[in-house]
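Next up: just one chain, as structure tokens, the form predicted alone.
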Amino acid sequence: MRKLVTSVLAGIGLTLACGTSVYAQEKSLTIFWAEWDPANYLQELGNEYEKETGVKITVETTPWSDFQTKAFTEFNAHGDAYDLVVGDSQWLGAGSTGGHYVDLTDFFKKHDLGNVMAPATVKYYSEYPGNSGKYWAIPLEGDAVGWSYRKDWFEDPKEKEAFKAKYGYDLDVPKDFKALRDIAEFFYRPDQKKYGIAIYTDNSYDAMAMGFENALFSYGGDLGDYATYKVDGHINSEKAVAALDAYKELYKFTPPGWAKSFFVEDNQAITENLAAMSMNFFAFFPSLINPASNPNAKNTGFFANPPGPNGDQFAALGGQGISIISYSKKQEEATKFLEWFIKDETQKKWAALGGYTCSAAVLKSPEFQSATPYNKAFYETMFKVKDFWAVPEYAELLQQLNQRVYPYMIGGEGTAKETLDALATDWNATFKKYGRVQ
């Protein structure tokens, strides 16, 4: 009898425990992202959400090196380990056509996100196919390529006098790509171990594309027509050719051994007194204003990617949007979290924690623009961003760009026109293979 009572009590206890577990599971969400500081900021923001709603947010991370592989392994298995993912913009095509992402088009219309968020960020973090009006992600971590520079070098009276004598105008933050090139040339002094500029040149993933795009878009060129996938006459247009020549010209003024450089090396160009100016994603600028990681922190300034010769001004997009995973059993709860995330007050908290908001209202606010030395440049950039192809075959297109552009940029093989004509042929064949063009 005693044994029976114990068993009954144990059974009741087990039932209660299971009930509590199910309840806890229902009141929790797991977000998958790569391992870096913004993911920590998102966890802090999630803790705020838990205090307000009782829904526990867990931001699960993995190193960048296996982020995509791990995410798509889970997607392809239709697993529900994650409820939301902060995915790269290039994933939009594969995420949507593969059935992995929940269609957020009605959510966008209901909350007018085309205007609530900076429009350029909505276009490239959220919409697929291009110009379709179909949305699959909410802009979460805005990012793009900007520039840091050595204020002490620029403001030195002797340097200013010498620059004006040589170029006929004042040394200042470059107003266009011509000035960017002139300043790079002016500070290129190998005998002093000082160099003009640091740019992206690595060809192992998207560094070369992200770097070249800053010249391409600001010279008025483009990758192609995002609606028709026509590339001939776009990626090899006169403007695109001029942009590639301009980007290669900048490479002449980089530090020695700069043929495989990306974000780590470009920050080192500033911290190790190598270059006057350095391109990098805004996401990597916080360490440049920290004296612990940059001995030149107080002398480091920032500016947005400058206009090209005809006044066009754009920058290559980085960053990610957040999507609801279609295999999640908690889609309704995930939608509530997104409704909370897009509120102005939440976006202010996100920015204050260190996240890069895409909220148009927050970006435009003087409070945001004065919060860090680079926020004003970030605001100027996020309304003028463009991105690489977001189609499922983007990796092939990226590899083809690297294989064509790198030999010209670094090895001096062929001409810019020959390089981009060949790239147009490659891309056209790829789009034919996937049935996007005849």
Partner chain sequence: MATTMITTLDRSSRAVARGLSDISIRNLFIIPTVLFLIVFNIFPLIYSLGYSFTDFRASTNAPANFVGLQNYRDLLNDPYVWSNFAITAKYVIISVAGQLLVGFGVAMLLNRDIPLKGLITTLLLLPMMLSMAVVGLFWKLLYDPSWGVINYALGLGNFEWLADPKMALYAVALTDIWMWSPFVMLLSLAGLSAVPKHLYEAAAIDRAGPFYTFFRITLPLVAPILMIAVIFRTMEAFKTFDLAYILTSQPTAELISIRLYKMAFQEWQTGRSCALAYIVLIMVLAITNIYVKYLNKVKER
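Owing to the predicted nature of the structure, the values given are computational and were not obtained by experimental measurement. Numbering follows the first chain given and starts at 1.
Below, we turn to the form predicted in complex with the partner chain, even though it does not appear here.
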For a quick test of understanding: in the predicted complex, does each of Y49, K110 and T425 have a heavy atom within 4.5 Å of the partner chain? no
Answer yes if any heavy atom of E380 is within 4.5 Å of a heavy atom of the partner chain in the predicted complex; otherwise answer no. no
At 4.5 Å between heavy atoms, is F388 in contact with the partner chain in the predicted complex? no
Is Q403 close enough to touch the partner chain in the predicted complex, meaning at least one heavy atom pair within 4.5 Å? yes
4.5 Å heavy atom contact, P373 and the partner chain in the predicted complex: no
Pick the stretch from 135-143, 338-346, 224-232, 92-100 whose residues have a heavy atom within 4.5 Å of the partner chain in the predicted complex. 92-100
W153, F303, F262, F72: which sits within 4.5 Å of the partner chain in the predicted complex by any heavy atom? F72
Using a 4.5 Å heavy atom cut-off, which residue among T61, Q369, Q68, Q43 comes into contact with the partner chain in the predicted complex? Q68
In the predicted complex, residues of 392-415 near the partner chain [heavy atom within 4.5 Å]: P392, E393, A395, E396, Q399, Q403, R404, Y406, P407, I410, G411
